[in-house]
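Starting off, we have a lone chain in the form predicted alone, written out as structure tokens.
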Amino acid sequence: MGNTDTKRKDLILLAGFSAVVLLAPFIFGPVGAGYPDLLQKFAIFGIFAMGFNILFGLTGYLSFGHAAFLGVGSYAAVWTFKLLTMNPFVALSLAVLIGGLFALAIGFVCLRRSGIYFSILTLALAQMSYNLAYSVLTPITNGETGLQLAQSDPRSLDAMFGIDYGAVLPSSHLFGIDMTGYPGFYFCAVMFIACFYLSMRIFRSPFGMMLRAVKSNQNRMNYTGLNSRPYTLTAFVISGMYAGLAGGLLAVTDPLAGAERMQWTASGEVVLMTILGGAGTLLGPVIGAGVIKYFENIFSAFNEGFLLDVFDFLPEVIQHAAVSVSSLFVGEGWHLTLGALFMVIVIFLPGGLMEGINRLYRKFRPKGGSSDPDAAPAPAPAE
């Protein structure tokens, strides 16, 4: 009975999530976030954060090098576009494969240590990857200029099927539909929903329970004779494959790849997304990714002219004072607002925004209802 109830709640959660994603242009339009470029970022970085959450949220292993897999996925996708075809499925398949293999190699080394030593190892190897992409591997990555498409690229599979792009630089396309604008968003949205479903299955599976056991007390598991490394390595590889897919989608919607996607700041951003939303929950990392990308793209666009219009109803002296104060938190100062929000979340809601949602849900839920809108029969999020 309990298992049937959980499956029913998971189905409702998946249906609700899918509806919100597919209706995102209408839902987020009133708050200025309904345009396709930003919606694509919501979906892509939501996938990136979901994958990171499988590692950090379930096992407690904090990686500071996940941007390396994001960058590798982008490079793999762009090389696919240059050498083979502009079909996004081929590019994404190779991005996921290369991201997973790269994660296997890095995880095999880093998972020999745990705690802060693991985090430092992942950071060091990711920075090595960034520096290699920026300088030593310039013939492959094109260094600081970034890897881009060219008219002279062979694209052998497309040529085999008689597809000629003429003198125009092509964009990735599926059945003749360019992966730009809203078609590009809905392609990312389908991938987003599929990744959410896979993440849900991992969370509910015996494998997910083993990962939670690693997080709860790995030493106790080892004392029982159970080797936890295969489980943590598998989680690391799956997480890397998610990141590779996100990097590939970045290239699908905008066919270029640069070393900046592998920098440590990009790794730190996905950590913030996961903690802000709620590590160890299904929806938390998605919400965290959406909040950070909204701040980055919307709050950063609130310039002085916009603020003057907002406070136009005030007397001139008070208006300019209000603009002066507000400009510290928007426009170029949006990081200050995000930092303040992050501090408030960490201090008052250590379980992230999902903890706040859960508190409100428990307060207003019908009697006998589930205490968790995430419908997770798992322990509370990481403290």
Partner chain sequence: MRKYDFTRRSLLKGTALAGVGLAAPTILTSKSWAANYLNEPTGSTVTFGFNVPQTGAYADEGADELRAYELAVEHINGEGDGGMLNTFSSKELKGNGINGKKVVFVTGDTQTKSDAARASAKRMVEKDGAIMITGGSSSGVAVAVQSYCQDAGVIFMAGLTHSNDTTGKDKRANGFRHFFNTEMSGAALAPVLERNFGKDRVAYHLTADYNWGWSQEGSIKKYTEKLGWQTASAVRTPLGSGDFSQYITPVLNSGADVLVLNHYGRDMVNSLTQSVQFGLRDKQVNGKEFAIVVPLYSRLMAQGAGENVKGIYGSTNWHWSLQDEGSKAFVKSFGQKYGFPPSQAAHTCYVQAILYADAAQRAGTFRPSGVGAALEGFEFDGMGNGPTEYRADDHQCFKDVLVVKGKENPTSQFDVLEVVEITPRAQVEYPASLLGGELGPYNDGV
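Numbering follows the first chain given and starts at 1. Quantities reported herein were computed from a predicted structural model and do not represent experimental measurements.
Note that the form predicted in complex with its partner chain isn't included here; everything after this is about it.
For the options A159, I140, V109, I177, the residue carrying a heavy atom within 4.5 angstroms of its partner chain in the predicted complex is I177. Among the residues L149, I163, M210, L272, the one placing a heavy atom within 4.5 Å of its partner chain in the predicted complex is L149. Only one segment in the set 318-326, 52-60, 342-350, 35-43 has residues whose heavy atoms sit within 4.5 Å of its partner chain in the predicted complex; it is 35-43.
The closest heavy atom approach of Y182 to its partner chain in the predicted complex falls within 4.5 Å. Contact annotation: V20 falls outside 4.5 Å of its partner chain in the predicted complex, judged by heavy atom distances. Interface residue remark: R155 is not counted as part of the site for its partner chain in the predicted complex, having no heavy atom within 4.5 Å. Although the partner is absent here, A105 is not a contact residue: none of its heavy atoms lies within 4.5 angstroms of its partner chain in the predicted complex. Annotated contacts: L11, Q263 and E296 all touch its partner chain in the predicted complex [non-hydrogen atom within 4.5 angstroms].
Shown here without its partner chain, the chain has Y134, S135, T138 in 99-138 lying with a heavy atom within 4.5 Å of that partner in the predicted complex.
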